[in-house]
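Read the single chain below, which is given as structure tokens and is the form predicted on its own.
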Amino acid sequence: MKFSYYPGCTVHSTAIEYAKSIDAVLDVLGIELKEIEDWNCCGAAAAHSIHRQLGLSLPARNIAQAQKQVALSSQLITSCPGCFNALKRADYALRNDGETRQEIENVVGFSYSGEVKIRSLLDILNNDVPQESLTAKVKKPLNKLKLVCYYGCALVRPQAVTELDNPENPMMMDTLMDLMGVDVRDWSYKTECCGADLALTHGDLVQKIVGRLIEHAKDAGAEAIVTSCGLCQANLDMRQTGPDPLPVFYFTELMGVAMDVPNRKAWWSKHIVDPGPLLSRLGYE
């Protein structure tokens, strides 16, 4: 399978371990991602709070770039929930609001065709890859690992725009982790905001939010947290202050462990809370 790919800024910087684990896992699964050429920052949380048109035009330009390689794939994949949300909001406006579409087309300098479908990597792995193909690649079932799945607030809401499963209780990551053999614990905070966008302006408040999430994860019996968001991972990873901090994995990192991909120990050095001791104790390192 081949897909066009919008990586976004985070996986080329603070979430480089996410990028490496994505490459490793998709190589095992035979999935090829082709980065769109000359992509730009989608604006994430900042752009739309400053100027509505800017917040739509930045991601729309990446849709325009994806249209140029639609012969390769009509589907544009992103691994970042923030980028996914921005791209989907722009695509929703382009599809449903003629006046806004004309404004965006004039700013970006393209003609929207509607051929490109925006999808998340979690969606692809859940719905385009047969479950038996995933389980066939598992060499080390992670049945000793207890964790909770944390989706954050950007991936699934608003549902009319994201078009993903239940915005209050999404299951895509839970399903993937279950296929890897993980003991996935149920909890009620999987889509609560971690406060990452306020980290620089309201650090004390964000630390309280993170502390509450970590406490609830531990109450659910989790030894770790798994996410798909670079901002969520960094925020949860760096703002734990209590004893026995929980490692915060990217879902592709744990898929890489279960698939026994080589050189994965290099990923752990990028984490603030080192996952190595937990994995070693459970016999997975």
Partner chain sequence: MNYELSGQTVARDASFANEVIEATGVRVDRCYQCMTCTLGCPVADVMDYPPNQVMRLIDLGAKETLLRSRTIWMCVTCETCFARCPNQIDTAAVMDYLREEATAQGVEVPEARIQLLHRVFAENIKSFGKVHEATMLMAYKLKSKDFFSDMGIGLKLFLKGKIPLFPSKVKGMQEIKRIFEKTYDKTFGGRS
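All figures in this text were calculated on a predicted structure; none of them were measured in a lab. Positions refer to the first chain, counted from 1.
One more form of this protein should be noted, the form predicted together with its partner chain, which is absent from this view; the next part is about it.
Colleague: Would you point out which of 120-128, 143-151, 193-201, 172-180 contains residues with a non-hydrogen atom within 4.5 Å of its partner chain in the model of the complex?
Modeller: It is the stretch 193-201.
Colleague: Have a look at R157, R101, R185, K137 for me and say which one sits with a heavy atom within 4.5 Å of its partner chain in the model of the complex.
Modeller: Spelling it out, the residue with a heavy atom inside the cut-off is R157.
Colleague: Within 4.5 Å, heavy atoms only: does G109 come near its partner chain in the model of the complex?
Modeller: G109 belongs to the contact set for its partner chain.
Colleague: With a cut-off of 4.5 Å between heavy atoms, is G256 one of the residues that contacts its partner chain in the model of the complex?
Modeller: Looking in the model of the complex, residue contacts with its partner chain do not include G256, since no heavy atom lies within 4.5 Å.
Colleague: Closest heavy atom of E32 to its partner chain in the model of the complex, within 4.5 Å or not?
Modeller: Taking the distances in the model of the complex, the answer for E32 is no, it never comes within 4.5 Å of its partner chain.
Colleague: Should D260 be counted as a contact of its partner chain in the model of the complex, where contact means heavy atoms within 4.5 Å?
Modeller: D260: no, not in contact with its partner chain in the model of the complex.
Colleague: Does any residue in 264-282 get within 4.5 Å of its partner chain in the model of the complex, counting heavy atoms only, and if so which ones?
Modeller: Residues within 4.5 Å: S269, K270, H271, I272.
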